[in-house]
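Next up: a single chain in structure tokens, the form predicted alone.
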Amino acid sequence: MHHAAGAERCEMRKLVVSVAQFASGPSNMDTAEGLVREAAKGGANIVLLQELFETLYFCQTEDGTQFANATTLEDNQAVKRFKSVAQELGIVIPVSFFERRNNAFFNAIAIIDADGKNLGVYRKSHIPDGAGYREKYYFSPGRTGFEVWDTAFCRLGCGVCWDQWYPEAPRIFALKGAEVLLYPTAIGSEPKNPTLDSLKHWRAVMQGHAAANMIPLAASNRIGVERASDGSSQISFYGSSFIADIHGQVAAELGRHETGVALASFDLDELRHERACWGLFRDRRPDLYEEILSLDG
């Protein structure tokens, strides 16, 4: 019996998740590719890059010239480039980009599988609108829903930045069988209130998603100080990209100012077993949750 158990153990579904982090500059695509390759050398099966990494975070102010930078999925240079990189390295690379579709614009992410094929696009569902984060000017809310993607290594759910504050999304990903949750991010200081540091709150919310659903979660954030095109606003992005385990504990992380990658390894079969044994999904009562569909309860 012990021998058989050992044999089964050798066939575990090991997944190495990685997050990359860097400051936006004139050679973002090269920087991103260098970090992806570094993560792949470290054994990563999935590498998560930060939100809208092709450019500076342009949403600090309402600047109509920025719409010229939106592209269709088919024409996006980052998607094209990282399809090739994903295929070469045999890894999964979700690619965040500014999508134009006819007369609509979305904050989107293409899920590039390990063979270089795009499995589909998720469009950011929750769009923030506050000082320094004027995204409602640029993006329509996505209506793609909380799809899960069957990649070469695992089934994943992927939201984008502000989505990560809403527990309904990771729960739906979990109900659909997601084995890892990913959130590309652009978050930092609040231009109207420089003394406010939401880092601990930001992490705690997502660590809660990981723990409540017993699914590993990764967030990739940018670093550095970025100024708005008209000089009226600036944000100091606080990095601190991290990967949480199924108990909500930080399994790997990067510092506030650190350029680099962080990796964490998981045995997906072991995690599935622990999820089943804990009974969180067995004891759910969806018949009692109708109020969640209302705004005011």
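These numbers come from a predicted model, not from an experiment. Residue positions are given as counts along the sequence shown, with the first one as 1.
Only in words, not in the display: the form predicted together with another copy of the chain, which the text now covers.
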- Note on the structure: Picking from L119, A114, L73, A211, the single residue whose non-hydrogen atoms come within 4.5 angstroms of another copy of the chain in the model of the complex is A211
- Task: Within 4.5 Å of another copy of the chain in the model of the complex, counting heavy atoms only, one of 92-100, 79-87, 143-151, 216-224 shows up; tell me which.
- Result: 143-151
- Quick one: does W162 come within 4.5 Å of another copy of the chain in the model of the complex, counting heavy atoms only? yes
- State yes or no: in the model of the complex, is some non-hydrogen atom of Q249 no more than 4.5 angstroms from a non-hydrogen atom of another copy of the chain? yes
- Item | Close approach of K200 to another copy of the chain in the model of the complex, 4.5 Å, heavy atom | yes
- Task: Find out whether any non-hydrogen atom of G25 is located within 4.5 angstroms of another copy of the chain in the model of the complex, and reply yes or no.
- Result: no
- Item | Neighbours of another copy of the chain in the model of the complex among 108-144 [non-hydrogen atom within 4.5 angstroms] | S125, H126, I127, P128, D129, K136, P141, G142, R143
